[in-house]
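As structure tokens, one chain now follows by itself in the form predicted on its own.
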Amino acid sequence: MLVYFNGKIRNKDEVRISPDDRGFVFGDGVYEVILSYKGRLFRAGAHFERLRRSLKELRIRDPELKVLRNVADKLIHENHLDQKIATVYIQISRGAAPRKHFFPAENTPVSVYAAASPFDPPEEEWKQGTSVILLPDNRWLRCDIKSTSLLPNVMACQQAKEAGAKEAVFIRDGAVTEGSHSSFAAVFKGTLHTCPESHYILPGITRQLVLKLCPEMNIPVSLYPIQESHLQNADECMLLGTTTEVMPVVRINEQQVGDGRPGPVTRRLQQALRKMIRGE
């Protein structure tokens, strides 16, 4: 497998990361995941813009993201993924320096890693729906930054796996924020409800697309926190994400959502997103 690391494309087993790298010792870095459909990156511009914003918020030097766009295309080609669905993972850390909590010298080179891998779409869950569990949101207060510091997300995702669920959905102050690695939305009487953008959630690319599609499809939207106590009255629920796309949620904490089947609004949004993907 060929990957990109600090300016060169090389075999993955040749990559050597310094034990002093701040991404390793502090989780001091950011990342992005972009989906490629048969050699074409989907919404690459939006993903790179979000990556640029995360770098700016953490004051990590921008390593010429235009170059990384070309790198992503080359990795897909070099790994023979042109005719497949694949993910491109990009990670940038503040670089290697003596372990001090404050930032290293401004001229410290950042560490840049990128890899392309085949992706197996969750077709069955798209069709039948999936289940989630609810957990307290104990993450830091800058969830809008796509940071590599994901330990609370990892712990929540593992708890969901042990419970036989697809995802863990976070609750903060009695209201839904998002999933451990996806956005969350629910439908009440035909209106799509989802948490408004804030420091509590990541500005999801798929979420933004769905919010753009809704007015075009005459689906009303309410950007207001969903109270945990109201979830039992939801007609439909769904997860939104780059690799999740629009995934129906049919069970929350062992309680059935609606009639236990993917609902009509979810299906319409699934179809509209797939049409957009094919068009691009």
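Start at 1 with the first residue shown and count on from there. Just so we're clear, the structure is a prediction, and the values are computed from it rather than from any experiment.
Note that the form predicted together with N-(5'-phosphopyridoxyl)-D-alanine isn't included here; everything after this is about it.
When N-(5'-phosphopyridoxyl)-D-alanine is placed as it is in the predicted bound form, are 50, 182 and 240 each within 4.5 Å of it, taking any non-hydrogen atom of the residue? Yes, because 50, 182 and 240 each have a heavy atom that approaches N-(5'-phosphopyridoxyl)-D-alanine to within 4.5 Å in the predicted bound form.
May I ask you to check whether residue 204 falls inside a 4.5 Å heavy atom distance of N-(5'-phosphopyridoxyl)-D-alanine in the predicted bound form? Yes, contact at 4.5 Å.
Mark residue 42 yes when one of its heavy atoms lies within 4.5 Å of a heavy atom of N-(5'-phosphopyridoxyl)-D-alanine in the predicted bound form, and no otherwise. Heavy-atom contact with N-(5'-phosphopyridoxyl)-D-alanine at 4.5 Å: absent for residue 42.
4.5 Å heavy atom contact, residue 153 and N-(5'-phosphopyridoxyl)-D-alanine in the predicted bound form: So residue 153 counts as contacting N-(5'-phosphopyridoxyl)-D-alanine.
Looking in the predicted bound form, any heavy atom of residue 33 within 4.5 Å of N-(5'-phosphopyridoxyl)-D-alanine? Yes, residue 33 is a contact residue.
May I ask you to choose, among 193, 84, 172, 139, the residue with a heavy atom within 4.5 Å of N-(5'-phosphopyridoxyl)-D-alanine in the predicted bound form? The residue in contact is 139.
Report the stretch among 75-83, 205-213, 125-133, 111-119 that approaches N-(5'-phosphopyridoxyl)-D-alanine in the predicted bound form to within 4.5 Å, counting heavy atoms only. It is 205-213 that comes within 4.5 Å of the partner.
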